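One chain comes next, on its own, written out as structure tokens in the form predicted alone.
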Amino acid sequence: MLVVDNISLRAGNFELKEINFRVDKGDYFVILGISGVGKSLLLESIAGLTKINSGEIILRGRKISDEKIQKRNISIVYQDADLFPHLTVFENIAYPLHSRTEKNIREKVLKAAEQTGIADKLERIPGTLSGGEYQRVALARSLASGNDIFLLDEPLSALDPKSKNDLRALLRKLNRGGITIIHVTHDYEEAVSLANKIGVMENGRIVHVASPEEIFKHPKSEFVAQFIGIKNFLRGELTAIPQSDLKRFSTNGINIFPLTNVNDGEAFLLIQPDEISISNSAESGSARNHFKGKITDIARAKIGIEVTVDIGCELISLISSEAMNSLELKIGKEVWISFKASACKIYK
């Protein structure tokens, strides 16, 4: 449906570089990245508000890179939706229809208002609406326009938790109803709850496009892993061990032994914090992944306590507050950490 083919553009000192992705009809495609990486600029280039310097934007098999925004039939909704403050909700929804001399305007407005849950607010003005209602009006205006591709620029970021949940449910409903959505955000949980496909953006580039499950389970870079909240993610060299199911993963002078069939060479290792145990002394047994280190940080997590231990590289263990107290852990204390070979996930 929409193909972004190797586009680049410069805006002041910032540059979008060789952006490539495809959005199929019915996709909910989330562009995920921290502030300042070019997410909004990318949306505006698709909408036709910003002209690209090279590459092509192809919609339904037609090149639209040089077409005006009015001819692209794409709606864009910003974090602070640009409603007219002096017009009623009905008039705001109907506004783009008047400019196109549409027929059956009232019927289209009422249908869009019903779909977005604001049919009882058509006589109000924007200043009397909540944040969630305000965004619903912007979505209703896009629906009434008849566009089937919505570009959403951080539409939930200014909302309270309940309004966010309600609007997420509405966006999923609209998507199931046939609206293709491209949504930019810095919130990974938001992306996971909505997207069937995610494009991670870093420094003006899309560095990884995949399903939410693939992005989380197989991050392609340290940036991606850190951005989505993976705590223990190491880059190193993987080598085989003769006559063993285990392999050797070497990083910062430390050898970790994962159970994996991934090919040798440069690789990434991921260990979930709750897979790493802490003790005050060396444990007996055959565990290969057993290291002495020093605690460098202790912090509360949503559940439990995160303890950072420097063993030559820093690893984070998630433990209970009871374990924290019984082990008498504190910053600067030397401890032992251990984890199973099967807990090590290796990615190329």
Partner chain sequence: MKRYFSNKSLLNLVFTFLGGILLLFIIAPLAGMYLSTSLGSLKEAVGSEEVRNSIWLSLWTAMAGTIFFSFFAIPLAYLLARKKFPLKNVVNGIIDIPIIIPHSAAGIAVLGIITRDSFLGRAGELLGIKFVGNPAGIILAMAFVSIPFLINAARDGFAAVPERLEKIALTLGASPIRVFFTISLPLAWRSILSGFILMWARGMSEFGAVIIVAYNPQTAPVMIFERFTSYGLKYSVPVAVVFVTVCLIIFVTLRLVKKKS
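Predicted, not measured: the structure shown is a model, and the values here were computed from it. Positions refer to the first chain, counted from 1.
There is another form of the same protein, the form predicted together with the partner chain; it is not shown, and what comes next is about it.
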Given 77-85, 198-206, 244-252, 261-269, the stretch touching the partner chain in the predicted complex at heavy atoms within 4.5 Å is 77-85
So in the predicted complex, does any heavy atom of I34 sit within 4.5 Å of the partner chain? no
Does the partner chain get within 4.5 angstroms of any non-hydrogen atom of H183 in the predicted complex?
no
Considering only heavy atoms, tell me if I298 and the partner chain come within 4.5 Å of each other in the predicted complex.
no
Could you tell me if Q70 has a non-hydrogen atom within 4.5 Å of the partner chain in the predicted complex?
yes
Contact with the partner chain in the predicted complex, heavy atom within 4.5 Å, among P212, G236, P96, G117 goes to P96
The partner chain in the predicted complex has a heavy atom of only one listed residue within 4.5 Å, and of S193, S145, N232, S163 that residue is S145
